[in-house]
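Just the one chain here, the form predicted alone, laid out as structure tokens.
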Amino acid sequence: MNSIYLDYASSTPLANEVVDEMVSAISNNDFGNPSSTDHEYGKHAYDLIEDCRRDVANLIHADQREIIWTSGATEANNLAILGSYEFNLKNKSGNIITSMTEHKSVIEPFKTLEKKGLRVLLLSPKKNGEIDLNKLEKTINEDTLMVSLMHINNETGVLNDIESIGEICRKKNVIFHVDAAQSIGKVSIDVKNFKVDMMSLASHKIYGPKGIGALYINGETLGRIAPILQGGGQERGIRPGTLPTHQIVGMAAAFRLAKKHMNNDLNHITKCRALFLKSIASIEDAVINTDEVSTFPGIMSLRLPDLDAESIIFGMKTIALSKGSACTSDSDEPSHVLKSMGLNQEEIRGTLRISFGRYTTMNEVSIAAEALTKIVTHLKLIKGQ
């Protein structure tokens, strides 16, 4: 493909090192079932997976026994919320708190728990998309059982203060779950210092394979949760199913690379963002929907008033970017994230999501910015602006 890829928030290309390790796992004697430890093939696969579990745990400063493999962050979110309810909250009454800017894989399980009798409290964000810590602390009361808030927003790049939120939740004795699909491997995370009880992790957002993720469960505070799938005793009885060794190997390789390249990656995408904004400075009415202070530089929510994002994307045929979350791209409904930040339907319709990554080049940034400037100018001429 000859197009320029600026949709890293949706998914990332596999790192070459990840591909090499996955091919090795597929090609060598790693095909054994890790649950079949009565012979050397199963033992070898088991040992390999445990090494990978340690690599994943190391990135977030956890113990490897606190990592449960899943099919991705969506399953991890469901497992954290529904599994915690079944094990810890089922016979309790009270409220659970999340925000209007969360991923659908958090909001939908919360709706399920609402049908089971728990009261769901949805926090609206500040105008910049960030969670208001004072509002959160006031909302938590003696009936609050769980708080689930994401680290980096997948549509806007807003970076929530997870460390302060964890402090509030621990002080209030409330279970705290974090969706870290967009932040893992991009910013430093210490689950112990952040006082996180559960954290959902993804692989394909950080140059690893799709179809694999993990859930961190704090052994000191929760210990375990109930399974939401039935059919086996794998993963300490929390998540049944034969483990995909080659995908786990790929995820672990991606996490090791992320730990090695995190600072360089952050510096690089910060420069990409700065160059892009400088290069589109002639688009006078372009607006960033968030502020620079509370936003991860790799994700940009760019609003172009009076224009339609779909028309812009169509006009930029050689540039891969998006209107917003990949999970809602087929929906005609306006972004619930941008709507909760106070944007009207016209403003939402004119918003693009541009996201940079490890393999984005400065030349690509310049080409993309020039293409955007040209199509915006063209569309404005058509509209007579």
Partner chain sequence: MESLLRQYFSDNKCAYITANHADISFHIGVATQANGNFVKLYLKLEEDRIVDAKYNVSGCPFMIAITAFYVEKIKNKTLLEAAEIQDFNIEETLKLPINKKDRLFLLEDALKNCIKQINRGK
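Numbering follows the first chain given and starts at 1. The shown structure was predicted, so the numbers you read here are calculated from the model rather than taken from an experiment.
The same protein also exists as the form predicted together with the partner chain; that form is not shown, yet it is the one meant from here on.
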Item to check | residue 237: touches the partner chain in the predicted bound form, heavy atom cutoff 4.5 angstroms | outcome: no
Next on the checklist: Taking any heavy atom pair closer than or equal to 4.5 Å as contact, tell me whether residue 137 reaches the partner chain in the predicted bound form.
Outcome noted: no
Item to check | 4.5 Å heavy atom contact, residue 37 and the partner chain in the predicted bound form | outcome: no
Checklist entry - Is there a heavy atom of residue 369 lying 4.5 Å or less from a heavy atom of the partner chain in the predicted bound form? => result no
Next on the checklist: At 4.5 Å by heavy atoms, is each residue in 311, 349 and 379 next to the partner chain in the predicted bound form?
Outcome noted: yes
Checklist entry - in the predicted bound form, which of the stretches 182-190, 311-319, 67-75, 195-203 has residues with heavy atoms within 4.5 Å of the partner chain? => result 311-319
Checklist entry - Tell me, which of 291, 114, 306, 143 has a heavy atom within 4.5 angstroms of the partner chain in the predicted bound form? => result 306
